[in-house]
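Given as structure tokens, the chain that follows is alone and in the form predicted on its own.
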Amino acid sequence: MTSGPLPRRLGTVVAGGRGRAFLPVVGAAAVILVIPQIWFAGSEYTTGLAVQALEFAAYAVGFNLIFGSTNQLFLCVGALAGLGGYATGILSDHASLPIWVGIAVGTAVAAGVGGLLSWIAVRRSLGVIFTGIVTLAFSLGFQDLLLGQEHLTGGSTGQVVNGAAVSLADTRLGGYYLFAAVVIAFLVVFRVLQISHVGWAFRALRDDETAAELAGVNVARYRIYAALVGSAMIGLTGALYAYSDGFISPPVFAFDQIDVKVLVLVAFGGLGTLLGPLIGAVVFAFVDNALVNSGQVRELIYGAIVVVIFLSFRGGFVPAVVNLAGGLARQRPAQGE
């Protein structure tokens, strides 16, 4: 017979279950933090490739929270990242503020703009496609703004960010561990939301918005919550990129440089999954490196990949493979009986 009050025992069971929910994050963190020491600690080229993968993984976690959890197709990931990056550069260079102030302001601005875009989509009852069109228009307008405000942004020539940390450059281990910490923190936040009542509301409105409303879920509120948190993640990543790299320009945050890649790797890894963005970022870091000299063919290939994934593997390519492997594993014992 068990001892102790029932509420205490139930609390222990729930706490244990929630603790196990973070095991994938702990495993991913261990691999991320150890792998440089056994693979590429002495190679600047491979370190740069790994840092780029982590940067896109961070972008993808934010996008996955917005789109994968609440069906809001934000085609402005590059613009939100650019808000964070350029706020950091402008405030540190033109206003002579500490770099951390620029990072904080850039993150807040990106979160505010993302929340505003979500509010507009909710207010106008925009579906997935029309939300994508509105956010894409914002992304293109942001690029024009960067080119037009040359006295602040440097225009097409770009802007050097004073105060950037050389030790955190994208070809050094300092930069790798900076973005490793960011990705791990984002995964923790994503998991916390998943196992909370917020995650329940996200899953309900993602599966069936009408049923979620009938169940008492405030769809508008939770969509804006997801946009605020996800956009803050994207803006913070863009701000830290400016701090780490020390140089920003409009092409860095262009739609074809960030949004297309993020959409591909999230769709590949699995929409709404915890580690999908990280897996997709690692795979497509090597794919992107292999296609670096292919020019516009790369965008064509990425577009084809997105179409194939959404038509044949709506839950993502990686989850489909995992489910197939699990099905085959269950069939083998049955056949042997």
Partner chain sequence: MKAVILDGIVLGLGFGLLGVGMTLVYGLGGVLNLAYGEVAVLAAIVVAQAMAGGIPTALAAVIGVLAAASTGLLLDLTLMRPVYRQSGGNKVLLGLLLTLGVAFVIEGVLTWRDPLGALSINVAGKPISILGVPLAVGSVWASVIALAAAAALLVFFGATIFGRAVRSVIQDELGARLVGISPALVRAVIFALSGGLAGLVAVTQSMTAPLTVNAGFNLTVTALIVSVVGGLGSVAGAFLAGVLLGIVDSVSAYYIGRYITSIVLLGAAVLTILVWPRGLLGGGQG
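Positions refer to the first chain, counted from 1. The shown structure was predicted, so the numbers you read here are calculated from the model rather than taken from an experiment.
Here the subject shifts to the form predicted together with the partner chain, a form of this protein not shown in this document.
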item	value
Contact test in the model of the complex: residue 140 vs the partner chain, heavy atoms, 4.5 Å	yes
Proximity of residue 247 to the partner chain in the model of the complex, heavy atoms at 4.5 Å	no
is_contact(residue 299, the partner chain) in the model of the complex, heavy atom dist at most 4.5 Å	yes
Heavy atom of residue 71 within 4.5 Å of the partner chain in the model of the complex	yes
All of 129, 133 and 304 with a heavy atom within 4.5 Å of the partner chain in the model of the complex	yes
Option from 45-53, 306-314, 274-282, 22-30 whose residues, in the model of the complex, bring a heavy atom within 4.5 Å of the partner chain	306-314
Listed residue (109, 99, 75, 252) with a non-hydrogen atom within 4.5 angstroms of the partner chain in the model of the complex	75
Contact residue in the model of the complex, from 147, 192, 219, 160 (heavy atom within 4.5 Å of the partner chain)	147
